[in-house]
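Okay, here we've got a single chain as structure tokens, the form predicted alone, with questions on binding and movement later.
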Amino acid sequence: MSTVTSSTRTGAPRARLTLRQKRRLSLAVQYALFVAAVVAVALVADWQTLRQNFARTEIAAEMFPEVLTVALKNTVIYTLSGFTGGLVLGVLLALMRLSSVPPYRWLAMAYIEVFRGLPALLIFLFVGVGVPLAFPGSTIPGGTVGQVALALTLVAAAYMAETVRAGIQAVPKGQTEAARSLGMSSTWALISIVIPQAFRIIVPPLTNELVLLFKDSSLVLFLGVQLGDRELTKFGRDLASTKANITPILIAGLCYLAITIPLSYLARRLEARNAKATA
């Protein structure tokens, strides 16, 4: 009786995919799924309706140049004023947070926890409604700009304080010790040696905070601003209601992106440069 070898019974061994082939196959499947999803959306979408509601060129043309000279300008002013105030208050809070005096630390910690825990909308409502009720007859200097600057300052300072504190603690202690060995006081060493180095470290997160403030400035619409004080969101919303069309909101969104995308790219470049410098 003849015997059958194992290779004859099982046949030739099956070829296995290499790791590189598996990766290529997985990538090809993902690309295919992405293309299929895009094609499906393109076939299902009603492009004529989308154009009529989101891309009316005649309505978009009516927004210029006011959307740039009024809305965008006000948005930039609100953002920069809030960022400047938040940075100054944030540095003060960071120093209090690192202070050896317990009441300073407690006060800074309480402020940071409270204002980081509250939504920015509530802060705007507090500034617009709560402050006039708490101080009858008083007004915030600067009108709408002053109100927005105060609200954004209160919001931004809580986040910037933690960023600045982390930057100060990231500076090697040897820098302070070397300055003290040269006869500098601890305060002057902090101002002239530590804080400048800390700011080089925290520039990327501060740039990200600027982007967030640029978007948070849209909350000014809850303060009941006048026509000349409208920012991008309020401007687009009012015109969209008047025209019964979404095109003004789309244009306002594009104006936001024209500012936030370059700032986000700048933050990534700064982060990469800092990572390369510390590597």
Partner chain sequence: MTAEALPHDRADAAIDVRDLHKSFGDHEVLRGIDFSVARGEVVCVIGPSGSGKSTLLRCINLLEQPTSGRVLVGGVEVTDPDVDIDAVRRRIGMVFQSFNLFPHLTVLENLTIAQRRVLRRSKAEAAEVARVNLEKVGLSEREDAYPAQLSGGQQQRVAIARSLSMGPDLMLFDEPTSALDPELVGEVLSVMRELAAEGMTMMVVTHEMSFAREVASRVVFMDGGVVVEQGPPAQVIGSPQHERTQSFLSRVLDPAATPGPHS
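Being a predicted model, the structure only gives us computed values, none of them experimental. Positions refer to the first chain, counted from 1.
The protein also exists as the form predicted in complex with its partner chain; that form is not presented, and the subsequent description refers to it.
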property: is_contact(Arg105, its partner chain) in the predicted complex, heavy atom dist at most 4.5 Å; result: no
property: Arg180 within 4.5 Å of its partner chain in the predicted complex, heavy atoms; result: yes
property: 4.5 angstroms heavy atom contact with its partner chain in the predicted complex for Gln197; result: yes
property: 4.5 Å heavy atom contact, Phe135 and its partner chain in the predicted complex; result: no
property: Within 4.5 Å of its partner chain in the predicted complex, all of Met184, Trp188 and Ser192 (non-hydrogen atom); result: yes
property: Selected contact from Gly142, Gly117, Gly130, Gly174, since only one has a non-hydrogen atom within 4.5 angstroms of its partner chain in the predicted complex; result: Gly174
property: Options 83-91, 107-115, 197-205, 144-152; stretch whose heavy atom lies within 4.5 Å of its partner chain in the predicted complex; result: 197-205
